[in-house]
Ligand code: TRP
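Single chain ahead, by itself, as structure tokens, in the form predicted on its own.
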Amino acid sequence: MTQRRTSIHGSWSGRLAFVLAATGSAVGLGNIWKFPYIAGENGGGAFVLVYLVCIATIGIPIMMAEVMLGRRGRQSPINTMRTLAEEAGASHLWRWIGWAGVLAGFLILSYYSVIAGWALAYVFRAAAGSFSGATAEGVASIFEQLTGDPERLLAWHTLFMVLTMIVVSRGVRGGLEKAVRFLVPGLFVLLILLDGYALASGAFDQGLEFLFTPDFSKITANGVLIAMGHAFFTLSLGMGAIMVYGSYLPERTSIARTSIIIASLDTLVALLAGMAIFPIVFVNGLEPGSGPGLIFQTLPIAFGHMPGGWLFGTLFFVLLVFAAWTSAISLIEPAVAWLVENKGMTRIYASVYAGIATWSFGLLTIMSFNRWAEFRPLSFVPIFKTYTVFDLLDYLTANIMLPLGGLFIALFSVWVMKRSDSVQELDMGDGAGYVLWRFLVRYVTPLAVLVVFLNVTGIVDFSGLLGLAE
């Protein structure tokens, strides 16, 4: 039996702290901004059902694998994968899984911080009553004024990155754990308040019916693949965050049980967000499938015409900031941990160094919304002909780096890592539960992730194979 390692960064105080931290990492803009609009675009209830199946068969097994690798290695993702490859007698090239995860987190946070800055700005606009009585044109003008002003975007981006690095610099228990113990429960309280408002809106039943009554005639091949992809991305898998959080996990904490709890809480947040948003959309005669603009350009119209809309609009965007904040601290943590381990930096200095680097790279995203709005760096590639710098970063991370990271994590955990080591680390015996996990991660999950990757990159179109309409 291999001797247990310890992390030089410390550990969570217990299972609850890890559950809150990992839930905070998983819960982000994807749950509250993206999930409602993709559910709206893909038929509501039937899409939600497919999504739940994908969480169970793809999300939870890969999360268990990533947490297991993190706790086994007890280091940053880069050093963890190097150590575990050596332990398994495998090629040193497997360490590139760690490098890819750290790089993905860095790139995602560089533009994630800019979007989170929008939410920060909207908190103050909603509180000031800027949306009261606003028309669709008026709300669109507010959004365009924000994104079209690079100095204003820079200010909000800077503020959000400072908030993120303050938390990260204080360490595992003094920063990360203290923050999530406040932010994650606060996020649920805000969601419940907004659901309470939606309950009294007069369209709550209509929202529930749309969200939970499946109409399988509305399911398309693309909708299935979107559900598969979102189930994977929403849990923060493949970007090093869950692996590094797993490295701080106490030894006797059940990986299987905590992974199921985290996936369930993450899914609950997405569903509660839908239950809050869709009644507001329906009671105001708005379109549930209005796309990415649902949060920043559609909902403000509703908030501007409802009683007490300034208050509930403010609460909603505070909720969005909380969700973004808890995810952001996990995105930068792998890079900070690596700098501490490999460069001998103090945690504060490593946080400042990583934060400035991420903040600087975020300038590319800021410029892509205004002064570089017409700049298409890869216009000579047909698939990227219309992509701005921001579009390219989003595509590269979400459609290539994360699914490939998740795929290789799955492959390493069951094809490279010794069975006896995974049995020891998962601590669930060698019975039916372990056999089911191993089967899913060995065959089902890699195939599903590969299908998503090939389809979203346009390499293979699986619509015909799935027997569904386009």
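For the two forms, the rigid core is made up of the largest set of C-alpha atoms that agree within 1.5 Å on superposition. Note that residue numbering begins at 1 and tracks the sequence as displayed. Fair warning: this is a prediction, and the values are worked out from it, not measured in the lab.
The discussion below concerns the form predicted together with tryptophan, not included here.
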ask   = What is the one choice in 78, 336, 241, 299 with a heavy atom within 4.5 Å of tryptophan in the predicted complex?
value = 241
Residue (of 426, 407, 46, 29) lying close to tryptophan in the predicted complex, criterion heavy atoms within 4.5 Å = 29
task = Evaluate residue 281 for contact with tryptophan in the predicted complex, applying a 4.5 angstroms cut-off between non-hydrogen atoms, and reply yes or no.
result = no
ask   = Taking heavy atoms only, is residue 237 within 4.5 angstroms of tryptophan in the predicted complex?
value = yes
task = Indicate whether residue 180 is a 4.5 Å heavy atom neighbour of tryptophan in the predicted complex.
result = no
query = Can residue 402 be called a contact residue for tryptophan in the predicted complex at 4.5 Å between heavy atoms?
reply = yes
query = Are all three residues 120, 164 and 322 in contact with tryptophan in the predicted complex, where contact means a non-hydrogen atom within 4.5 Å?
reply = no
inquiry  = Please pick out the stretch from 136 to 144, 377 to 385, 83 to 91, 227 to 235 that is in contact with tryptophan in the predicted complex, where contact means heavy atoms within 4.5 Å.
reply    = 227 to 235
remark   = Near tryptophan in the predicted complex, with a heavy atom at 4.5 Å or closer, the residues from 313 to 352 are 327, 330, 331
task = For residue 34, state whether the C-alpha moves by 2 Å or more between the shown form and the other one after rigid core superposition.
result = yes
query = Just checking, between the shown form and the other one and with the core aligned, does residue 412 shift 2 Å or more at the CA?
reply = no
message = Rigid core aligned, does the Cα position of residue 187 differ by 2 Å or more between the shown form and the other one?
response = yes
